[in-house]
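There is one chain below, alone, in structure tokens, taken in the form predicted alone.
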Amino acid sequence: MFAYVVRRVLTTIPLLLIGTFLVFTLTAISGDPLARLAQLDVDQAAYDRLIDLYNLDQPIPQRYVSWLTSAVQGDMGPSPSQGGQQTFDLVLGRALNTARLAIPAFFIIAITAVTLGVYSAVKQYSKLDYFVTGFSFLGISLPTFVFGLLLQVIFGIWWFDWFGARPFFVQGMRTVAQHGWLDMVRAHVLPIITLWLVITASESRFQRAAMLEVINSDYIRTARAKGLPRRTVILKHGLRNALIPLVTIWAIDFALLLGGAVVTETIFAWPGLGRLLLAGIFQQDLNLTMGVVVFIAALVVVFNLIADLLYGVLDPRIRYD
């Protein structure tokens, strides 16, 4: 298995290099950082500082090599749009804020998706199955920004006051250290619900399809013919194999959640990676944009590797020789 992990890591290095170079090139040619200074009354020294910061006097491939050399050493440069703060520190701090939403949301999504998918498959064409199907279609068809704004209208305007108390916060992040446990929970509920509905809807459909395929297979019929209890057949023999497709989806979803749910964080004014990425793009902050992109790409690689290793745990027939 160690050799397999090493091979996977080595094969992802060229992919990361190509991906980061493309993002670097597209970001570099999308706008001219000097154009903003042209609208202001600044001296030549300001132009020189910006040229020196981004190496604008060099061709893009050479600028990319310079950036990559510094990034490998842990220096992603300062972020002009964020007051000159170090990009690495900004990304790390915002990643922790995003994790406050992503980690609890992921576990709630995983448990709900598996539960709904399994019950929907076992009770195929029942009222429960139709309910889960309707819920899934609603979540898939309802855009994130619509559902998030709807929650803000309901709990920020219509049901703002519940018996003299405010049930949920519709904007901003609260922490235990500054605001206490209750305010922290009230600030987390609506963003997590938004992520939960949209992602659970699609994952429950994948789980239902995988479970239906498994429970109609020959080895499940054999297990039933041996007289094994229905619960054992479904949970031990069926669910374990039906989880394999969902593990791949979990790896991607969790990486993207940790990388920043851009729409959700923007709607609820959550100071996470999603809003930081938008700030870097709209303000043409190359260092900031590249820092967030590299972080998200690394998460996708790591969690896909974890998913591949979990295949062998779920299905003993899979070997990594």
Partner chain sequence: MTSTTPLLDIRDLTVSFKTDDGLVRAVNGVDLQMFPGETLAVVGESGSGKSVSAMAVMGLLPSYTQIEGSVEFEGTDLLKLSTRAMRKLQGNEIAMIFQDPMTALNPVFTVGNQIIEGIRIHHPQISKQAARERTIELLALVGIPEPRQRVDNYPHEFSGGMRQRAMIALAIANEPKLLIADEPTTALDVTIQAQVLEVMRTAQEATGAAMMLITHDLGLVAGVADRVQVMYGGRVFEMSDTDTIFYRSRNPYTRGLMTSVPTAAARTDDRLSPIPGAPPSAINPPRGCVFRPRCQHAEDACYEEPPLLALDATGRHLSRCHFAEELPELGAQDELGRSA
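Numbering follows the first chain given and starts at 1. Worth saying up front: this structure is predicted, and the values here are computed from it rather than measured.
There is also a form predicted together with the partner chain; it is not shown, and the following applies to it.
Check residue 232 for me: does it contact the partner chain in the predicted complex (non-hydrogen atoms, 4.5 angstroms)? Answer yes; at least one heavy atom of residue 232 falls within 4.5 Å of the partner chain in the predicted complex.
Residue-level question: is residue 131 within 4.5 Å of the partner chain in the predicted complex, judged on heavy atoms? No, residue 131 stays farther than 4.5 Å from the partner chain in the predicted complex.
Residue contact check: residue 225 to the partner chain in the predicted complex, 4.5 Å heavy atom: Answer yes; at least one heavy atom of residue 225 falls within 4.5 Å of the partner chain in the predicted complex.
Check residue 181 for me: does it contact the partner chain in the predicted complex (non-hydrogen atoms, 4.5 angstroms)? So residue 181 does not count as contacting the partner chain.
244, 209, 215, 110 - the one with a heavy atom within 4.5 Å of the partner chain in the predicted complex: For this set of options, the contacting one is 244.
Quick check: do 219, 237 and 314 each get a heavy atom within 4.5 Å of the partner chain in the predicted complex? All three within 4.5 Å in the predicted complex.
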